[in-house]
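So here's one chain in two forms, each on its own in structure tokens, numbered structure 1 and structure 2.
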Structure 1
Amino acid sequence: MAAAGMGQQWVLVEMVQAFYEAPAYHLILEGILILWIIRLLFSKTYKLQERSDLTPKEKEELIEEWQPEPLVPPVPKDHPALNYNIVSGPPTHIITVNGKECINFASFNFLGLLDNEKVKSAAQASLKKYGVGTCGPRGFYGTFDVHLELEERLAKFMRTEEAIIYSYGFATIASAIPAYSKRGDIVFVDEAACFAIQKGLQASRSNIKLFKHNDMADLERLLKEQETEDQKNPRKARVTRRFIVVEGLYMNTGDVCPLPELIKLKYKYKVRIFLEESLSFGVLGEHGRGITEHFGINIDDIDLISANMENSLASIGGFCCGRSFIIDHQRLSGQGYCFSASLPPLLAAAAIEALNIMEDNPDIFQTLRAKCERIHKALQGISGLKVVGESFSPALHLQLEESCGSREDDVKLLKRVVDYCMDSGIALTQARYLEKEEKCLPPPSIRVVITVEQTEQELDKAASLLKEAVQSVLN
């Protein structure tokens, strides 16, 4: 006990000695810290606000003065989306817009099948047999034998194991992407991807990485960065799926994707490829099978192909095709498939007949390509405008070489060009976008759509009239 007491006394002596030997700044700092701790312990963490009761009259005055924020932002009455061009009759080769007959350079009726007699007869026969609609999703008495026939025909035409059809073209790729890519997965997507792809990515809640349009070096840079991240956390990497999403022919640019290079990157970095072919299906390739046939690539190298039936097939809806186990998964988790009423049988029958015509007349694709190349060449050299898109793309964009200073002014100027052409019997349209929702908003443009029905004289007339319109408007 005596030894323990002596030890405690010795420690106390050492502490006092250390206190005297410590530098002055050290003691001052410790003193400030001790005072700050004491203040924190005894001070209140918040102050009670004095309560002020309002009289009933004051409450009423405040309520009357309060103005809620508008549910939607104000939209000017002259906004293009609120001022429609009214079409009378079928939007075929000759279209009647606002009571005026024009040559149609606006509708995506690439193969001219919208008013085809065989297609219409098939639709009419189906209408008599099945009625107008289906009134039920595919899983609830909405599957008709004509749906199964169309899926079988599409799979056979595309040379894949299986196909699945949707009743709305936009919902096809927008449903397919979130069916496979989930939260935590990684999607590498071209910055020029169409709005349907963007909505699918948004619904997937995946980690989105944009690469520059058709820039394979930039894509590989992102893939290498992800590979480095995966090496740091191999456990997470094993459960993370990686996808590349591209378009065959880009709706917003008319450019073709460099698919051969994408295939090399797919196998090098072990990613899956989703290919959206709404613009290239029924257009590219010797038999219209799309960009895989165009480049001579084995279709099994693509994990999923999606396209709508609203362009070349002149119907409604869309389809996905690929291996059976991939397609069957969409029947369980594709939202547009599971929850939307199925495709009306008359439209499925029309699509089947359109496929018959495509198979029986393979020369139609060369005819379309020749007309695309003709007008692409004729549109070169228009002072003030530049042509954007491949020479074989049936949808070209005309953009201003120099901006007027603001997007609004550019849109108004291009509208004057479109109106000039409309008054002279050529129906064109401006490319429209939801400007506040687009990830990478494309520049304003006039879209020129080519079909097999347009004659060489009409193509030359449209090109000549565009030059005349631009000279008139810009001057």
Structure 2
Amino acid sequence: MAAAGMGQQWVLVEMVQAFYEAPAYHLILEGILILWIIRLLFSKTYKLQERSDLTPKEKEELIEEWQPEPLVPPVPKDHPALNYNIVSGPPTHIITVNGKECINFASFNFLGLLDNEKVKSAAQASLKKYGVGTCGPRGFYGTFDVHLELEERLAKFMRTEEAIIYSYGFATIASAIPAYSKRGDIVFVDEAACFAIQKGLQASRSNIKLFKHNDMADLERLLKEQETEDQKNPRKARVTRRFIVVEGLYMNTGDVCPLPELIKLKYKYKVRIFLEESLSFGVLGEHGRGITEHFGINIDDIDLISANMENSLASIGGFCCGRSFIIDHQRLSGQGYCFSASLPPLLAAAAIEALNIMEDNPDIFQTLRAKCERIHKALQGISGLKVVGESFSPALHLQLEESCGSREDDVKLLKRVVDYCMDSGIALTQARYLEKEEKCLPPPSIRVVITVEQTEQELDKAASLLKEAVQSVLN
């Protein structure tokens, strides 16, 4: 210990001696270096990212100069969608549009339940008991016994395990898809899918792959491509979910999807199917159960069926049905279900009564189909317009055989046809789209809707009137 202490002292003495013996320039140089280091240590840090090129005065100038766009661009007065057709009174079979009485060929009231007395009295009874609104979402005392009853009835009618109700038709599929498909999952969707599906897909942030409308070969090609991709990265493939989203009866084109082939593809490539049945629920199938009944397919093969109650059931809202394994998930993660007020009970009661009527009178579906066939045939002969849609589809499109050149001109021409028909007592409407937002914009068309209430004379009158209108407008 003493030796170490002595050793240290010895080194110190040596250092001081060396200090005195060193040459002068050496000392001066080292002194300068030490002073420089001290200066660097205490000077302000220099940040490379700091945009020190703008003075506060310049910042104020920038803020003064910036001019935003106007909140909304001005809308020209003659925009085709600006002036709505105002309907006075209920939009039933005979409809009063803009003061004129017409026969209604434009509302999706397929089964004529809009002014059914039984439905109305069920709604009245519910109004007396529950009032109008539910004042809360499903989770916070917004669940009424009518909602539970409607869910049970729908599940029983569609022969699935469970059903879930939404308070708005658009929100149904737009909330159902993002509940299952997240970022990184893959969805194969038909080109002609409706806007609600497109919004649901956009909200889900998944990879979207469009396949040509009803083209199973195209879909198989995409599936095969995906399979080869998977083989390159099997670990990722094991966790990416895959879905096919199709509609039973397409709103934009009026035809059905080839469901049996889709089921085969489902099991071959292990993809889940989501079926959107807004137009086909209450229309197709022997008892109105939709496209699965139409093709005779086991309903458990479809993972999720979503439909809105605003067409055949003449109520408001939508539902999804399927196995409990799938539907129960939406009760906590369907945004339109958890964060929105529930369906007003009078509308739920009306839907239950409408279901009762559908179950008691299964022959209305046959009648509706017969009417569809009749008008489909009658509309075939019109020169200048072509009929787009299946013969048993109650929502058809009439498109121009040859376009005038621009979409605007087509729209104007079709408007003249529609106005001519409305002046003569048939209420029609053009199919409306948001031109900039749709992925695959369908061509402009007139929408023709067939309901069970229209008589054969009215159907024939409509067909001949359309012929006349087109003649007079195109010449």
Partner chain sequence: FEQAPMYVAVLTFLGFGVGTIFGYLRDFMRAWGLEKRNVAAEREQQKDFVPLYQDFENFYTRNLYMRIRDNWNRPICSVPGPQFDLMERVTDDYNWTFRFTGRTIKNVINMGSYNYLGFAETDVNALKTVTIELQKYGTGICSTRQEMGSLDKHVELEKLVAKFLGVEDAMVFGMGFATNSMNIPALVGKGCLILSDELNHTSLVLGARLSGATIRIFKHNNMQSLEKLLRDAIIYGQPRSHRAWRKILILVEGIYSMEGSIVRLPEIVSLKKKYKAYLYLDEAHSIGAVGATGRGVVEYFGMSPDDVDVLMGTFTKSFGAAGGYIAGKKDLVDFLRTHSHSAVYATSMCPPVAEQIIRAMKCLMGLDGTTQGLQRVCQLGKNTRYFRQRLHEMGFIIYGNDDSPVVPLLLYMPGKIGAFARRMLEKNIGVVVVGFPATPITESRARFCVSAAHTREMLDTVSTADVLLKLTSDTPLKQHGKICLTCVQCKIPAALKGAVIINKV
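Here the rigid core means the biggest group of C-alpha atoms that line up within 1.5 Å when the two forms are laid on top of each other. For numbering, take structure 1's sequence and count from 1. Keep in mind that what you see is a predicted model, and the values were worked out from it rather than measured.
Between the two isolated copies of the chain, the form predicted alone corresponds to structure 1. A displacement of 2 angstroms or greater separates the C-alpha positions of L71 between structures 1 and 2, with the rigid core held in common. Once both forms are fitted on their rigid core, the CA atom of I28 lies 2 Å or more apart between structures 1 and 2. After superposition on the rigid core, the Cα of L441 moves by less than 2 Å between structures 1 and 2.
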